[in-house]
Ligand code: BGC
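The chain below stands alone, shown as structure tokens; this is the form predicted alone.
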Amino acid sequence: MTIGIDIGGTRIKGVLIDAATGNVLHRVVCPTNDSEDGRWKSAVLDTFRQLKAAAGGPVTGVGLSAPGIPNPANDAILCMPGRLPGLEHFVWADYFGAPVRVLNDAHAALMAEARYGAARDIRNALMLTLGTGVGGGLLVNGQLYQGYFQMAGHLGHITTDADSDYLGISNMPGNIEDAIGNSTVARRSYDRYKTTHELVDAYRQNEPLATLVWLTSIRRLAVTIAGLANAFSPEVVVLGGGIVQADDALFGPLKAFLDVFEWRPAGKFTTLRKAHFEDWAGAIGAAGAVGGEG
């Protein structure tokens, strides 16, 4: 058994799993209470204690999923400015008194899919998490690829419009996070729509502005995926996050645009798959990643 804990902006989610199968044996969820006094750490510790008690036996280790860039040892988050005060450089193994592997939250989501979900038994895959922003991860030869300074997989910061005046958090103009993330819907739609859910509902009703905004976003997503396919040649691209709940409104036009933009020599093409796991992917992936690099 292993424990996985996902520290989100609003909720802390924890799981106890059978690491061999990915079966979830117990779940815990509580508010994060992200505040300057750092009270959120005690909520994480309480989550760990509840899961350890639920195990009723030996626990191999703990995986922890969090926003930010992990350090080279994967035992702490090295860089995460502006959120979760006290997260940076905090060594969780000392706090828990147990071995802990720390992963970026999007990397953890990829590991859930690679071990137990939509990318299971796949050697080369990439994942894009489409939500408030856009995260990502790379699976290369069956291993999570973190790269120099653990920064690999920040796929949401790939530029689709170099002439844009809007810079993302990584200083990249017109990135895919800006193009499709939920946080920019109001700006992209001239304040007509506030959320992706509202935008997609209007698109389904053939509202002209919603149709323009939504299909422009998906076109840029398709160009991004086609470019990533050229760079990494994955067998599978997994799409996760809340925006994939748009289902056919997303996957239908996305596949149509990929038919135009993807390079397909000798009939080779990239398979798109919807993520198997939803809100619990970070916790499950972190638990599944305990004890190894893959």
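Start at 1 with the first residue shown and count on from there. What you are looking at is a predicted structure, and each value in this text was computed from that prediction instead of being measured.
Keep in mind the form predicted together with the named molecule is missing from the figure; the text below concerns it.
The named molecule is not shown here, and in the predicted complex it never comes within 4.5 Å of any heavy atom of G241. The shortest heavy atom separation between M80 and the named molecule in the predicted complex is within 4.5 Å.
Taking the partner from the other structure, the named molecule in the predicted complex has no heavy atom within 4.5 Å of any heavy atom of P253. By the criterion of a heavy atom within 4.5 Å, A106 is counted among the residues contacting the named molecule in the predicted complex. The putative spot formed by T129, G135 and H154 is fully lined by the named molecule in the predicted complex; each residue has a non-hydrogen atom within 4.5 angstroms of it.
Residues within 4.5 angstroms of the named molecule in the predicted complex, judged by any non-hydrogen atom, belong to 65 to 73 and to none of the other stretches in 52 to 60, 65 to 73, 224 to 232, 260 to 268. For the options A162, L212, I169, V91, the one in contact with the named molecule in the predicted complex, meaning a heavy atom within 4.5 Å, is I169.
Looking at 171 to 192, the one residue that comes within 4.5 Å of the named molecule in the predicted complex, counting any heavy atom, is E177.
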